[in-house]
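Below sits a lone chain in structure tokens, taken as the form predicted alone.
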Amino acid sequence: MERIGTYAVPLIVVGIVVFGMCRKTAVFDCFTAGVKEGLSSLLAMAPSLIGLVVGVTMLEASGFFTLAAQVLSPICQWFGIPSEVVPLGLMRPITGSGSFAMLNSLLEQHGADSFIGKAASVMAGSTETTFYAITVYYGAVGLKKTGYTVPAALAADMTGMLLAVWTVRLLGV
């Protein structure tokens, strides 16, 4: 299996080049045109991504997620969500790497087989980095107004968080 992974990418690249040559396509010209398009997309998205990274870093450093988790803890306990996973639920729609670092911390503290570890794992797998995805996709096509996208996506994230905890509790796994 390890050999397949080692040879897969070079074989795919060679296959694409051979296929292009058989169709009499200027493969290198197509490649450079794609690179130019990719760079222009990167430049269009860069300000939004930089703003998102700065904002997340500031929120995390200020202790916002911890404070918000404390404020929301009574409501979350009413829904059966352990207070330990609330910061993960708040961070997941904003940043993937930060939320996975938080998930790792929860797993180290409580163990992977604990209810908190299982609920946090399912929560991380059943929600999306909403603001990152919106920034990338809307930035790529140049949309400035998100309309109902953010509220709908956050409602879906909240549903995913609730159902993640309830599913772990219901299945007792």
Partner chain sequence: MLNKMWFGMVVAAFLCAVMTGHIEELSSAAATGADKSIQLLLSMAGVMCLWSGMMKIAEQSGLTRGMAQVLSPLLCRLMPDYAKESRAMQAVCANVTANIFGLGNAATPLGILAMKEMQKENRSLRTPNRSMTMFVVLNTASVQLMPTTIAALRQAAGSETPYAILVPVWLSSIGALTVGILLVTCLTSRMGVIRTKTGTKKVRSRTT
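In this text, the rigid core denotes the largest set of C-alpha atoms whose superposition between the two forms falls within 1.5 Å. Positions refer to the first chain, counted from 1. All values derive from a computational prediction rather than experimental measurement.
The following text describes the form predicted in complex with its partner chain, which does not appear among the structures shown.
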Using a 4.5 angstroms cut-off on non-hydrogen atoms, would Ala124 count as touching its partner chain in the predicted bound form? yes
Can any non-hydrogen atom of His110 be found within 4.5 angstroms of its partner chain in the predicted bound form? no
Going by a heavy atom distance of 4.5 Å, is Ala69 a contact of its partner chain in the predicted bound form? no
Going by a heavy atom distance of 4.5 Å, is Cys76 a contact of its partner chain in the predicted bound form? no
Using a 4.5 Å heavy atom cutoff, which residues in 15-32 contact its partner chain in the predicted bound form? It's fine if the answer is none. Ile16, Val17, Phe19, Gly20, Arg23, Thr25, Val27, Cys30, Phe31
For a quick test of reading the superposition: does Tyr148 move by 2 Å or more at the CA between the shown form and the other one, rigid core aligned? no
I want to check Ser105: does it shift between the shown form and the other one by 2 Å or more at the Cα, with the core superposed? no
Answer yes if the CA of Thr159 moves 2 Å or more between the shown form and the other one after aligning the rigid core, and no otherwise. no
Pairwise C-alpha change, Phe131 versus Ala61, in the predicted bound form against this form - closer or farther, 3 angstroms or more: farther
In the predicted bound form, the Cα separation between Ser105 and Phe65 changes by 3 Å or more relative to the shown form; did it shrink or grow? closer
